[in-house]
Each structure stands twice: as C-alpha cells, then as structure tokens.
Ligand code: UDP
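Shown next as structure tokens: one chain only, the form predicted on its own.
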Amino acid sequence: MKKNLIIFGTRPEAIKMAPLVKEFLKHQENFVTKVCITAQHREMLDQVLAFFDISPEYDLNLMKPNQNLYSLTADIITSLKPILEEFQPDYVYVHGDTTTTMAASIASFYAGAKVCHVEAGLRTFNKLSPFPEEINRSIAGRISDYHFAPTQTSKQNLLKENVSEETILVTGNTVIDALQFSAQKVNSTDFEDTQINELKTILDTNKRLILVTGHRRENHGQGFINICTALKKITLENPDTQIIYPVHLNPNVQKPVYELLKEIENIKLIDPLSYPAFVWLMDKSYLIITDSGGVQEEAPSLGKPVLVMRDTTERPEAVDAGTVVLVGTNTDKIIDETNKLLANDESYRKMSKLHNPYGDGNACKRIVEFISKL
C-alpha cells in the first residue's frame, strides 16, 4: 500500500489539486491518501475545499496578518516536520509555484519522501517575473523525483535542465479536469450559490461581458493606472459592452481601480468571487482580460479569448496556439486588442475556436496510472 500526502495552501493550488485528490481516493485499495493544507490563503482556500467536498487530514492554518515570504517559508518547513515524521509518506505531491510548493518540497526532501511536482516545467527564464513564483517552481523542480508536465514545452524545459526523461510525464493540466467538473456543476439546475444569484442581478444580458481580473505585484503602481485607463476608454468606445471586475483586496490594486473606475456606468466593481461563481462568470463572458496564470489555461476550454496583462508568461503554449494575446500594461495595446475582438467577428471566432493546448481533462488519471506502475 503506497502512502500519498498531497500538500497545498492557496486557492489556485486547491483548484488544481482537488481532482487529483478525488482520483486517488477512487483507488483506496492501492493508496492511502491524505491531504495537508498550509492555509497560505484561508477563506478562499476553504471555499474551494467545500465546493469539491474535500476534508484535509492536516491543517497548518499558517495565514497571518501582514504575512511575509521569510516567515511563511520558515513556518511551512518547521510545521510540516511532525506531519512528515508521523505519516511517513512514500510520495508527496506539490503543485506549481507557490511558497507552499517550494517550502513543502524542501521539507519532504528532508523527510526522505519522493517529491512529485504537478504542473512541472513552466519557465519564463526571468527570476524576477513572476516573483517569487519563477524561483519557487525552479527549486521544486530541482528537488522533485517525478515531474508531471502539462505540455511538451514544459517537458522540453525540464530536459534542458538535465531532468531524466523517464521521470517526466506529460499529462495535460489538472486545471482542465477541475474546470470540466466545475462548469457542469455550477450550471446544473440543482446547484445553488449566493454569489451566482447576486451576479445574475447585475449582469446585463443585452451587452457583451468583459471579465477582468488583476493582482500581480509587477503591475502595482503605474501598471494598474494604465490598465484602468484602458478599461475606461473601452467602455466609453463600446457602449454595448459591460465590464465586471472582481477587485483583489490588496490596497495596491483597490486604490487605483476604485479611484479611476467606480463612476463608470458600464463597469461593475465587485468583491472577489468564490471559485464556483468565477467559473460561472467566465462561462458567461465574451472575452477575458487578466494577469492570472490559471485563467490563461481555463478560458480556452470555455471558448473565451484572453488578453493577458503581462509582459512575460510561463505559459507560452497558449500564445503559440493563439488562444491568448500578451498585452502587458500598455494602455493602447489593451484598447486595440480588445476593440479588434469586439469589432471583428472573424478575429473573435478564430481565437475562440482554437484548440486548448492545456489538455483534455484526463491529467489526474494519467498521474495515478503512472504512480501505480512505480
């Protein structure tokens, strides 16, 4: 009987690891699977756990006011020590590029467990963009014993770093597994959600919806001023559109967004959304403007073009496939690319119908089969 410990701490990790937890629990004759959360995020993480009906065996509850990377890294490593010593897992699964991922990889290596990196091999090759994620995933990749790469590009990045090919499996991204389950659930007639009901009261179904999200550190300051300037002009030039913007709670985001956009008639600024409400809103949108990594993967599966407010991306497959366009925080470029999709039906149709390079929804099955054969 193989013992698995699946560790995550933020909402994006929870979304992408939830289907893996579910898949391993289908095979309890071969695996003892336990979940440990660091709660690097708290409330947002709990919402995802409830939606996917997952009850962690271990909850470190590490989130603190004014948390910083120094204390968080140290707290994760030291808090995981007694859990790793008690459970003695054969395999520890970490995801992507968070501080939880990096610190849990180090702790698991110290404990002698085999480290399995889900969503392995993403690189921008710029250690400061995104910060600190690029270094986090590089450290996790250096420590990991098995690498579950979402795409062939990610696999090639690992091979260039001299990772042994037999330890790499191209799986597709587990976020597509999660999205397929979630989209079906939130659109079912028996699913009730307070936030979705509230969204229905503000959504103007006679207008094309542009969904906006933004939070990245590198866009704070002038970047967000440029973004807001662009959004304001887009709605003024296109009165048949409506922007709904769930605004991140960080004051560096809230201040420019509310100062520049709160009086614009066709822009609705709302509180951050739970995962199911966000999936529902993505499904109802015409196009999405974001600086999120995960949305770049999810939206193409729903047929939604994405404009990415970043200068670099560790997900070049979407750019190459044409499902996303990098616009950075350049005001004119955000406006021009948005107007092109709004005005040109052929450009929109082409972008929305392209194949999603991030998978078919069977990533977790591939991971479980791989581990079963070890």
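Each residue number is its position in the shown sequence, starting from 1. For clarity, every value in this text was computed on a predicted model and none was experimentally measured.
Beyond what is shown, the protein has a form predicted together with ligand UDP; the following relates to that form.
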Contact of residue 20 with ligand UDP in the predicted complex (heavy atom, 4.5 Å) = no
Close approach of residue 138 to ligand UDP in the predicted complex, 4.5 Å, heavy atom = no
So, in the predicted complex, is residue 274 in contact with ligand UDP at a 4.5 angstroms heavy atom limit?
-> yes
Counting only non-hydrogen atoms and a 4.5 angstroms cut-off, does residue 177 reach ligand UDP in the predicted complex?
-> no
With ligand UDP left out of view, choose which of 256, 172, 293, 223 has a non-hydrogen atom within 4.5 angstroms of it in the predicted complex.
-> 293
Would you mind picking out the stretch of 362-370, 349-357, 7-15, 20-28 that comes within 4.5 angstroms of ligand UDP in the predicted complex, counting non-hydrogen atoms?
-> 7-15
Using a 4.5 Å cut-off on heavy atoms, which residues of 197-231 contact ligand UDP in the predicted complex?
-> 213, 215, 216
